[in-house]
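The chain that follows stands alone, in the form predicted on its own, written as structure tokens.
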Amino acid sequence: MTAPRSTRSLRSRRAEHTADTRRALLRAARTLFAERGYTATGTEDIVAAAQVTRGALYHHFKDKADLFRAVMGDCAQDMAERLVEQETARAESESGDAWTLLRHGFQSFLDACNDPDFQRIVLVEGPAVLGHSAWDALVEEHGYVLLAEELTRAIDEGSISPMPIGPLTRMLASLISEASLYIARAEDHVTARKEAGEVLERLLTGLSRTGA
């Protein structure tokens, strides 16, 4: 038996209200965590900024740490999508092999490490609040598959010598991960970004068949 139209409409409005409330909490929490950090941000600050009740917060999230985990995930996903879009556009507009484009992509990611939200929430606060396993999980979720695909292409094109993709992917991902954390934790982020980029490029050049 089909529910009356008025009932379906009510359910739809409730679902929209629930989704709107969750988005408001995530948006408010992201702003506050980026500005103040996790410890200095109270749940009362978040519900006030989101203009919702404390009960609404605990309806959607188990506690402040659970909310932070969701914010960290959203922030990482936003950055991943932005970089994929940027590098896809680059590949369409510029000629170059997969290895060259991948090296450009690595440098673009290091640039992204100085994005205020990404740097504070994902690179600094995230590992401190949730442990390094949370950062490792994000790298695996957003990086490993795409990196493995592009490395396979680079090997197929002859830009780098054939080698096992699994360990190569893990080791390069770890290298990029450590470079990003180095930038985020440095006192001078601009200098750290420049230095990390130079070292990374030297190391990657060593993998190139031409050595150039």
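Here the structure is a predicted model, which is why all the values come from computation and not from measurement. Note that residue numbering begins at 1 and tracks the sequence as displayed. Whichever C-alpha set is largest while still superposing within 1.5 Å between the two forms counts as the rigid core.
We do not show the form predicted together with a further copy of the same chain, though everything after this point is about it.
Using a 4.5 angstroms limit between non-hydrogen atoms, Asp78 is distant from a further copy of the same chain in the predicted bound form. The closest heavy atom approach of Ala148 to a further copy of the same chain in the predicted bound form falls outside 4.5 Å. a further copy of the same chain in the predicted bound form is approached by Gly166, whose closest heavy atom lies within 4.5 angstroms of it. Contact check for Arg90: every heavy atom lies farther than 4.5 Å from a further copy of the same chain in the predicted bound form. Note on contacts: among Arg54, Arg153, Arg170, Arg27, the single residue with a heavy atom within 4.5 Å of a further copy of the same chain in the predicted bound form is Arg170. Residues of 166-205 that come within 4.5 Å of a further copy of the same chain in the predicted bound form, judged by any heavy atom, are Gly166, Pro167, Leu168, Arg170, Met171, Leu172, Ser174, Leu175, Glu178, Ala179, Leu181, Tyr182, Arg185, Glu195, Ala196, Glu198, Val199, Leu200, Arg202, Leu203, Thr205 in sequence order. With the core held fixed, Lys194 shows a CA shift of 2 Å or greater between the shown form and the other one.
Shown in the overlay between the shown form and the other one, fitted on the rigid core, is a CA shift at Tyr182 of 2 Å or greater. In the core-superposed comparison between the shown form and the other one, the C-alpha atom of Gly166 has shifted by at least 2 angstroms.
The gap between the Cα atoms of Val190 and Tyr38 is larger in the predicted bound form, by no less than 3 Å, than in this form. Relative to this conformation, an increase of 3 Å or more in the Cα-Cα distance between Gly126 and Ala192 is found in the predicted bound form.
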